[in-house]
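Read on for two forms of one protein chain; each stands alone as structure tokens, with the labels structure 1 and structure 2.
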Structure 1
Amino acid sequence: MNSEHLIVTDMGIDTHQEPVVYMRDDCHVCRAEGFDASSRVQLKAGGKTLIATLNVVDKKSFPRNHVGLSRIALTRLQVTSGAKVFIGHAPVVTSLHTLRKKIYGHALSDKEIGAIISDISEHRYSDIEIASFLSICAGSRLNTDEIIGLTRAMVEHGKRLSWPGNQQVFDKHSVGGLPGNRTSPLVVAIVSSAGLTIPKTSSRAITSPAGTADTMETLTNVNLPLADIQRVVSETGGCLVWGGGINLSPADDVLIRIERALNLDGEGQLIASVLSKKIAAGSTHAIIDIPVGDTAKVRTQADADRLAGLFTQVGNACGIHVRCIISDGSRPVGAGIGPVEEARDMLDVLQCFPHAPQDLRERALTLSAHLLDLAQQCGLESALQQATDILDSGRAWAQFQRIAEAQGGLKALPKARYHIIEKAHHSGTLQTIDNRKLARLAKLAGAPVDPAAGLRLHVNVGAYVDAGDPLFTLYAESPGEREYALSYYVENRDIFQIGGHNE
């Protein structure tokens, strides 16, 4: 580490979660250490240490003997402009050699996987190196032992929730790929009303227009510390919070950020991500919803069976009982796509409004029945009746409000600033909706970054429409995003197939 200090300059640049440091091309430290652009460097200040990626700038950028830091670099190093920092070469990250071993097709041991996850958790990997790890693990390139090792390592390098006694703790997850499938808040409200403990920690969207955490954040506070999560669950039996804020599986949160940028969600990483969060949350039992359809994330029954088998096998090895439910993924669920619009559907179901989407209601009841059966061994028919009674009686709605109040109160949903209604060009039966392209359309409109962005379907598969009938309403927060999404729709009218015609 160079013994001479440099003075910090706040560059005011958002580099998301990857720390970046900026040094002048004539900086004496830069020259003495042999740094060049993209070098990995280590910064020290006030007992804090940070590894960052170097960008080289010209001498006009800031005064001599200064060094620029991006916003995340300032935050992690806990410094402000004017502070003194010392800069040197980053230490050698030995697990990168293991990463190269996997690139050449060799299996990794538990120890090797643990070293990689440890370094990722401690922010020793650059985004490019993390992307390499995710890419070589995608496409069924992890064997079962590696997935088990990855799951255990992700649990080990994070905090864990614990619950009093030896009580059973339940959870639920959908593997995704189905727009509008926002069943988790409904399931939590129903089964916690029945006395089950279900601390639901959710991720934000990876490849979809909304995750459960994104949707719930439009209604209440989801960024709770561990102590508050335990308080909420103690008071209500359940919670609906963002898992990324409580360090349950910090490596997973880093990996999800890069997966989102790559639009990648590999099989082994998916299983390890889901189960590590469940185990870290103290869950003893979990159900996994696997929607199957031509344009869903899982496209064939064979793929679903394989994924279900892996979930069960990895769960058993890691001490959590897993039940997989393979469901219909041939069409979107509900009418809303995007955080706010999905929240509207969810609230309609909870309040048993006549216009509430029945497909969302039935999915939530079925999944709730599986959890109740796991807990009570009462059989699915009896469990389904119990879940239905809880929802129809208003108990689930009252319970949802209790949970939201315990988390900070129920908020009013915002409205998008811009919207446009797209209409059918042909008469006929709506035969298919492309789930992937529909999700893409909602994301281009701004979801989930803009919570109110997305779309609302006016019809779903199987409905008859006349030419001129509304197909969907598109919501956006800016004219640019609205037009950007519409241009995509014009080029991809095969999202909707009506009577053999592309819309």
Structure 2
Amino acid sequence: MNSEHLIVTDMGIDTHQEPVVYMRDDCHVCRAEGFDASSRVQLKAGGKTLIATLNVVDKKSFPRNHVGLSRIALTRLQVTSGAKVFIGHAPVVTSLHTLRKKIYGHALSDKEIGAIISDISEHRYSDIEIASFLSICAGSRLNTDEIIGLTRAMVEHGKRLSWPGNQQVFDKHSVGGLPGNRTSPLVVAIVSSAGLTIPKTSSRAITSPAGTADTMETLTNVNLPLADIQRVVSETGGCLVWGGGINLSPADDVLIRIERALNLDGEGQLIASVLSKKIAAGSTHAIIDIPVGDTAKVRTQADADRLAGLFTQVGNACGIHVRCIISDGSRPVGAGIGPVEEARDMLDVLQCFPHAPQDLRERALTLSAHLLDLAQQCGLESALQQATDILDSGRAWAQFQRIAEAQGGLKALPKARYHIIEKAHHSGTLQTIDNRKLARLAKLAGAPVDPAAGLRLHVNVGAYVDAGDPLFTLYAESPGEREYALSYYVENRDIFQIGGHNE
């Protein structure tokens, strides 16, 4: 660490999550330390440390003894313009060497995984190092012990919530890949009505057009501090909040950001991510919904069984009771895809409107029944009846509103600025919808960054369609995104297959 300090300049540059430091090409500290553009450097200020990537700038950028910091660098180092910082080479990040071991086929030990997760939670890895770690461990490249090690390490480096007075705490997760499969808010409303404690924390979308947190955020406040979450749960038995705001699993948040940028996944990362967050949230029991289908995330029954087995095994090793439910993943659920459109479907189901999507209703009831059965050991049939009564009687809708009020109030749903209705070109039975491409289409339209963007299906698989009938409506907030999504649709006519033809 160089003994001369430099003065911080706010560059006014948003480099997203990767901190960048800017030094003048004639900076004497730069020369003394032997830095060059793309060096990894370490900054110290007031007891805080930050590792960042160096960019080198022209002399005219700021005065001689200054150093520029990007927005995230200022935030992480907790400094503003004018502060004094010290700068030196970034220390060698030793856990990186164990990645080589993994590349050459050796399983990582608990200690090695712990060191990697520790470094990642402390922001010592650059984005390409995180990308490398994730890619090395992607697919099925982590064995069961490694997945257990990864889960435990992520729990160790995050928070641990507790719910005093509650011996059993329930949770739910859907593996995803099924557009519109927005069951969590319905399940939480139903089972908390029955007296179960279900403090549901959810993520924003990773690679999909909406996450539960994105969808709930269109209806109420989801970004609650821990004390408020605890208040909501003690008042209502449940909550529907964003987990990222309470930093349950900081390593997971870092990994998810890069997974999102790379559109990358892997069973080890999935299991560790899901279970570490459930354990961190203080849950004792969890239902994992695994939809299976040609264009869902999990493609075959065999893959689903394998994943279910791993989830249960890792859950046992880490102290959480896991029950996996394998469901149909062959077609989108509901009609809306994207935060606002999915919220619309949820409200329709809760209020038992006749036009509410029946498939979404049935899935929510099934999952709720499994949770009730886990809690009461009453058998699935009795549990399903109980869940149905709660929904049909209006108690679930009342409970949902109570939870939303406790979180800050129920909001009205907005409508997107632009929309366009796409019609069928052929007549016939709608035979298949490509879930993955449909999700991509909704994302290109702007979901979830624009909550009201996405699409609404007017038909689903199995329906008979006449040429000229509306297939779906696309919603977007900018002409650029609308056109971008449409050009993708035009190039991907196989999203909908009608009467044996691509659309």
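Since the model is a prediction, treat every value here as computed from it, not as a measurement. One-based numbering along structure 1's sequence throughout. Here, rigid core means the biggest group of C-alpha atoms that superpose within 1.5 Å across both forms.
K.L.:
Determine, for this pair of isolated chain forms, which one is the form predicted on its own.
P.N.:
The chain shown first - structure 1 - is the form that fits the description.
K.L.:
Is residue 466 among the residues whose Cα moves by 2 Å or more between structures 1 and 2 after superposition of the rigid core?
P.N.:
After core superposition, the C-alpha of residue 466 moves less than 2 Å between structures 1 and 2.
K.L.:
Relative to the superposed rigid core, does the CA atom of residue 66 travel 2 Å or more between structures 1 and 2?
P.N.:
Where the cores coincide, residue 66 still shows a C-alpha shift between structures 1 and 2 that is 2 Å or more.
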